[in-house]
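One chain comes next, on its own, written out as structure tokens in the form predicted alone.
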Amino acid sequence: MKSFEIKTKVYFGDQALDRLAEIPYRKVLVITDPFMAQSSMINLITDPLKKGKIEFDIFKDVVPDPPIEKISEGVKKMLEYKPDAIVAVGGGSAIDSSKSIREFALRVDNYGKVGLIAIPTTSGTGSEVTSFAVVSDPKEQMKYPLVSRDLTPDEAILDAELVKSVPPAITADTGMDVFTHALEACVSTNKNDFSTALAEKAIEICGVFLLRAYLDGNDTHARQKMHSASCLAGLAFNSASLGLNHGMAHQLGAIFHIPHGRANAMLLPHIIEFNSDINKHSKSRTEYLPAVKRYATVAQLLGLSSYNKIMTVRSLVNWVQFMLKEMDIPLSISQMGTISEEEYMNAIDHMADAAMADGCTDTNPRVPRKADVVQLYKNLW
């Protein structure tokens, strides 16, 4: 027996941030990053809190790929302040930090239920509706995914006002993160009718609005649509989980600090080909791997079609590569120009071991061997 639930109440559309004046809490801790805390955008959060006469304090020490040390500092702050709720404001790092801080603080001193309201400022991770968080251990060069229903935010507020100023490069990276979440949920071995419906809608929105949001950050309609797509994809993979793409991308982030969405985007063409087992003999087969049919369906959602399933999957790979080129995302590690070949090749064996052990890899539609992962990393060079 399977089950599906959406724990998070989602507020979206114009003036969605007005919800902050109505929240049923009297004392909140806002967790965000230094840039957000020092910019005028923080007023979009604090003004409605003041209007609702809600006491608040701000913890602003969030950094990308939240390390254990920063989580510990946040735990200390929460235990001192003892808020009724946490308001997480930022990208995936801020929301993941908030989830982890609340979880660990309540294990130390369970002084009562503490709400969690997630307000994303990028359209990418979907973390505002998931039971996942990722923390880093810089010393070990590892990323650790945390999974617990208790991590899931109680509320999410999606307001496009917060993403208008996101620069094109981050719009590209986070947008392709949305697409990767949705695509991996579509082909996951744990997919179901509900997760697939959400993932397919997210993919359809990406196909229409991602490039628009990249080319014109002030296109509010495109921004709001991508914000919705991010949330939909989050709901999808929260139920279906992900796959090898994320298992491998986590290692590229942990060791080489490649932004998560960019790592996903660069890997995606290679993973689609691996999961489909596309090669020069593909056309002569009478049966294909299960992922082929799912990828073909996704290609059709994007308006791509061809004479047969293999050609349709190839058109999907070509579409991903086209999007990367249009949004100036490198197609290979060597194209980045910031990592030496020796440094990269020396890290592959360790990265392959970590990718095989990553929880996301468990639901990949094709079971990889370590040798497969090593080869995929080499192909990415």
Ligand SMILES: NC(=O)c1ccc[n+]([C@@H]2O[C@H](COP(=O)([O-])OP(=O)(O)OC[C@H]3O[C@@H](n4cnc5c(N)ncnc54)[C@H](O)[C@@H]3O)[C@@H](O)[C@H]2O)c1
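Numbers for residues come from their place in the sequence shown, where the first is 1. Computed from a predicted model, the values in this text were never measured in an experiment.
Just so you know, the form predicted in complex with the ligand exists too; it's not on screen, but the next bit is about it.
Student: When the ligand is placed as it is in the predicted complex, are 64, 93 and 260 each within 4.5 Å of it, taking any non-hydrogen atom of the residue?
Tutor: Each of the three qualifies.
Student: Please identify the residue among 211, 170, 85, 75 with any heavy atom within 4.5 Å of the ligand in the predicted complex.
Tutor: Of the listed residues, the single hit is 170.
Student: Report the residue, out of 317, 41, 324, 348, that has at least one non-hydrogen atom within 4.5 angstroms of the ligand in the predicted complex.
Tutor: Of the listed residues, the single hit is 41.
Student: Can you work out whether residue 165 and the ligand are in contact in the predicted complex, taking contact to mean some heavy atom pair no more than 4.5 Å apart?
Tutor: Yes, residue 165 lies within 4.5 Å of the ligand in the predicted complex.
Student: Check whether residue 295 has any heavy atom within 4.5 Å of a heavy atom of the ligand in the predicted complex, and answer yes or no.
Tutor: Residue 295 lies outside the contact set for the ligand.
Student: Would residue 127 show up as a contact with the ligand in the predicted complex if we use heavy atoms at 4.5 Å?
Tutor: Residue 127: yes, in contact with the ligand in the predicted complex.
Student: Look up in the predicted complex whether residue 251 has a non-hydrogen atom within 4.5 angstroms of the ligand, and give yes or no.
Tutor: Result no; residue 251 lies far from the ligand in the predicted complex.
Student: Counting only heavy atoms and a 4.5 Å cutoff, which of 43 to 51, 339 to 347, 65 to 73, 326 to 334 contacts the ligand in the predicted complex?
Tutor: Selected range: 65 to 73.
Student: So which bits of 17 to 52 sit within 4.5 Å of the ligand in the predicted complex, heavy atoms only?
Tutor: Heavy-atom contacts within 4.5 Å come from 33, 35, 36, 41.
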